[in-house]
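Next up is one chain by itself, shown in structure tokens, the form predicted on its own.
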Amino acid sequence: MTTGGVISALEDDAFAGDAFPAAVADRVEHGARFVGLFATPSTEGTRLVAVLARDRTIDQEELLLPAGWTRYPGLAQRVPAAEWYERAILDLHGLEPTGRPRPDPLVFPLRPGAGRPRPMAGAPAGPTDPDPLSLPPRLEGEGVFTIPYGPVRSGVFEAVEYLVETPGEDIPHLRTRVFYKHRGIEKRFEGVSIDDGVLLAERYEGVASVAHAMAFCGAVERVAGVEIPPTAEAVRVVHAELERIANHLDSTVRHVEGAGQAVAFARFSLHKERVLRLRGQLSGSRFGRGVIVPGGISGPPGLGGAELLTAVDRLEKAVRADCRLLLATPSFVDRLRGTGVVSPELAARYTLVGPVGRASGQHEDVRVSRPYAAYGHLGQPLAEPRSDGDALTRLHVRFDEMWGSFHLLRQAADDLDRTEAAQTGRGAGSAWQKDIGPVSGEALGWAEAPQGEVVYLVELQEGSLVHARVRSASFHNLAAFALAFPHDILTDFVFIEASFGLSIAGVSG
């Protein structure tokens, strides 16, 4: 990992910082991938950090805003994928991008004049006053009306409100309000210990607890210059891939439920439950919490390599059989084919990640491009990206990824079976975890969650967290969610939402 330039804005805000969006846009035009935009306070002002990736490297461009400044040169006009980041920064920090209309609120809508929960450096945090009212309609015309869908819906769904603007059945315009799930977790990171930071990371996006813990711990380990033990690397892969399978099965459950496939719903729900129980046998947690710690893992897994292999073989055989039957069901496949199309051009414009991106021609998978844990030597069978970009293609990508996950689980189980400490379930602590001292510094960490790339920017001061900035794949991809609807109707909504597989908690933070 390398670090790009730091631009200091020292003149009026009309303004010298224009070099910042130019530098970021130039790198994107020359092949870099926009990963995210973070705002962090410093003793000199507020830092804006644009994270970019290319080939096997990830680095950043920075802009330093002096204390008291409330505006900065916007990126979104030149880098469209930055739009939602700018909306979140305005909500939380009160920093407004120039060069475009004031963006709509996203993660924390406030009444005019209300204090921001994380104001720019040097400004006191005032009382916040959230605005719970629905967004005003944007679409006008004869017969057009607005359907506020959510935040409370039937079934088990996260609190999110979709404003569907429609003349009847078509969905020409859709907007999303996610603030009902905002918990202020990034703020909670400040000042806590590294160990407590892992607990918060695991709860940032519960369905991707392992991926978030790995990304957070990866950043801490880079600050400390620590390489984790090989046995711990293998165990991390086991938990990450089981998490991936569980999420992809959950997406399938939502698909078949929407299509009224009662038998398939029961079968895939059973498969997901078996995965969760296997995770519980390995760690004591159905979500794999408490396993990933800075420097390695918390202890040996509850199953040896041979037992894990047996469970994986049995599970894969059952899942493959039901996936074949499902894809041979015309009444199901016809509901997904051509639904919620995201073109390769749109996916590239918004640098979509995970299954959503890979169903629309994007290649990025950080298990391969920037390998971590044991991925560098396990022979990751990366599935070829597809380009049709509809809900059916996204489901195919998830199935392809599950078969890759089963392969990786066998590879990792073999690694464990060859390790004496894993075979006996007893071993020296150094086989599982390296010590992380009271270190200071800042680094990026990443992991490939089931939804796509998760990124953490972590700063430590003598072992305590100064800040942790988080970018989930769900946040990054939801910007394109509304753009998948213009050629679909209201009854397609359930399939498009299930095929994106997003976590609203991961969006709102």
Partner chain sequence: MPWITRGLSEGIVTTRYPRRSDGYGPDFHGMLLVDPGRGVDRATEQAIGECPTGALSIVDDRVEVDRGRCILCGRCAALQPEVFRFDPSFDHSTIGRSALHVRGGPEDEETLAWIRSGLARRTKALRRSIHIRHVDAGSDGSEEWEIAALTNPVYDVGRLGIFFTASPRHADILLVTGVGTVGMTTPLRTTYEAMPHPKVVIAAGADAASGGMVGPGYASRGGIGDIVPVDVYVPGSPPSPFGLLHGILLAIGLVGATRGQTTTGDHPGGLAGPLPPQLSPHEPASRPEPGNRMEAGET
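Source: prediction; values computed, not measured. Numbering follows the first chain given and starts at 1.
The discussion below concerns the form predicted together with the partner chain, not included here.
For the chain shown alone, Gly94 is not a contact residue for the partner chain in the model of the complex, no non-hydrogen atom being within 4.5 angstroms. Remark: His182 counts among the residues lining the partner chain in the model of the complex, judged by a heavy atom distance of 4.5 Å or less. Remark: Arg100 does not count among the residues lining the partner chain in the model of the complex, judged by a heavy atom distance of 4.5 Å or less.
Although the partner is absent here, Val207 sits close enough that one of its heavy atoms falls within 4.5 Å of the partner chain in the model of the complex. Using a 4.5 Å heavy atom cutoff, none of Glu29, Asp59 and Leu106 lies near the partner chain in the model of the complex.
Just one of Asp129, Glu227, Glu345, Asp170 comes within 4.5 Å of the partner chain in the model of the complex, counting any heavy atom, and that one is Asp129. This chain appears without its partner; in the model of the complex, the one residue of Asp334, Asp195, Asp435, Asp313 with a heavy atom within 4.5 Å of the partner chain is Asp195. Here the chain stands by itself, but in the model of the complex one stretch of 335-343, 151-159, 73-81, 367-375, 151-159, has heavy atoms within 4.5 Å of the partner chain. Residues of 315-350 that come within 4.5 Å of the partner chain in the model of the complex, judged by any heavy atom, are Ala321, Asp322, Leu325, Leu326, Thr329 in sequence order.
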